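Heads up, the chain below is alone and in the form predicted alone; it's given as structure tokens.
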Amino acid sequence: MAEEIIMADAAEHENKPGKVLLDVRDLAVEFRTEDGNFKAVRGVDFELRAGETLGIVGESGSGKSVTNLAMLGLIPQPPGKITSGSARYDGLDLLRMSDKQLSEIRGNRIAMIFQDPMTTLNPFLTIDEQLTEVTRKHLGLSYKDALDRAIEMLEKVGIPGANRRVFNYPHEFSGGMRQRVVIAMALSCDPDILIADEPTTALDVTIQAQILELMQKLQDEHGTAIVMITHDLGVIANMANDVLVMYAGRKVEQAKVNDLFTDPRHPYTLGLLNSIPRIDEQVGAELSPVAGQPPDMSQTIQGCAFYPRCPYRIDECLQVDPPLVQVGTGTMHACIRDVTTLDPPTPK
């Protein structure tokens, strides 16, 4: 009975523009293995507002995906363990919900496009079985209506002959086509929040543009909030309102998208931006990748986690784990130095 009341209360909300739909505070996740405890996420905070897109960027292993999987109860426990924090969706803490409560929210109010379409779809079930399950469970549709909805969504994501292909098995689709099926599944219930983990990685640029346009249309029509996890800073520049930069499991910078590209404040953010080609560079100009490797998260990190790779480092950086400080109205960064006042380091 208590669960029914909680879910009924959640269903009464309205997605007014700018309303905070998701409020994450001090989220920490670790994986306990024979080789040690890997601190995958270390005290991450962010807010997600209706009708807006939050971009999350960083290298592989920085904690981007684990942060979002943990909120939805999708990390295996054990070896995973949420050691602190809260993730409040419409007033309810996702981290304190039972599996039954989360199952009512996942795929319905909060949907996720997973990174690997090869393992997301069940190879033993046809596409219609997998797509109709979502809308029959959460929207109460009959199989016929759910099938019509599945075909409509497949057409929207650019699958030709959707009325025939919907009865195929996943192995009869290419990798890019399977990714489009996964995206169609995530969008089927018009979710309040869409978490997109590298949603266009397996797609060519034409289909990528169509998918991003579809996501933006959903956002405009329904006030959907989007978390865009990606390595593609071009996608972030076009889609995001705010950008969160993660390194070694924690947030090292957050800013409005224009501020991040024009006035980055953390050396790691500068490194990411310098490692991508620019149209205003001279022909033949060399890229400047971030040197070195991310730290071993099973070991205790002394001082700033970026210290071994930072071209602006000083001795004090090894002694201080820099807190997030706010600059202006919308930018936060975790660095004890003001890199905007420093000369660029000499390339080695």
Partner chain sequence: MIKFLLKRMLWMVLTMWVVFTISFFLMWTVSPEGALLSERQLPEAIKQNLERYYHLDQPLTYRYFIVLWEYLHLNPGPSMKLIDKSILEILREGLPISISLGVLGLSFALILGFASGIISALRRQTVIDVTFRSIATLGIAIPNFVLAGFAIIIFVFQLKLFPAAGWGRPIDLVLPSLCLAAPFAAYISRLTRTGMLEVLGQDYIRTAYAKGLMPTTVVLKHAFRGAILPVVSYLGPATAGILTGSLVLERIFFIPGMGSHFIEAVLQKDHPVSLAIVMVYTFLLFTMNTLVDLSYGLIDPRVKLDK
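Positions refer to the first chain, counted from 1. None of the values given here were measured: they were computed from a predicted structure.
This protein has a second form, the form predicted in complex with the partner chain, left out of what is shown; the following refers to that one.
Exactly one listed residue, out of R164, R96, H171, K144, brings a non-hydrogen atom to within 4.5 Å of the partner chain in the predicted bound form: H171. The single contact residue among H138, R149, R250, K156, judged by any heavy atom lying within 4.5 Å of the partner chain in the predicted bound form, is H138. Here the chain stands alone, but in the predicted bound form its contact with the partner chain, taken as any heavy atom within 4.5 Å, falls in 68-76 among 231-239, 251-259, 214-222, 68-76. Using a 4.5 angstroms threshold between heavy atoms, Q208 stays clear of the partner chain in the predicted bound form. Taking the partner from elsewhere, L273 is found to have every heavy atom lying beyond 4.5 Å of the partner chain in the predicted bound form. With a 4.5 Å cutoff on heavy atoms, T83 does not count as touching the partner chain in the predicted bound form; it lies far away.
Looking at Y89, you'd find every heavy atom of it more than 4.5 angstroms from the partner chain in the predicted bound form. The candidate spot formed by Q302, Y307 and P311 is out of contact with the partner chain in the predicted bound form: none of the three has a heavy atom within 4.5 Å.
Looking at 119-139, the residues that come within 4.5 Å of the partner chain in the predicted bound form, counting any heavy atom, are T119, T120, L121, N122, P123, F124, L125, E129, Q130, E133, V134, K137, H138.
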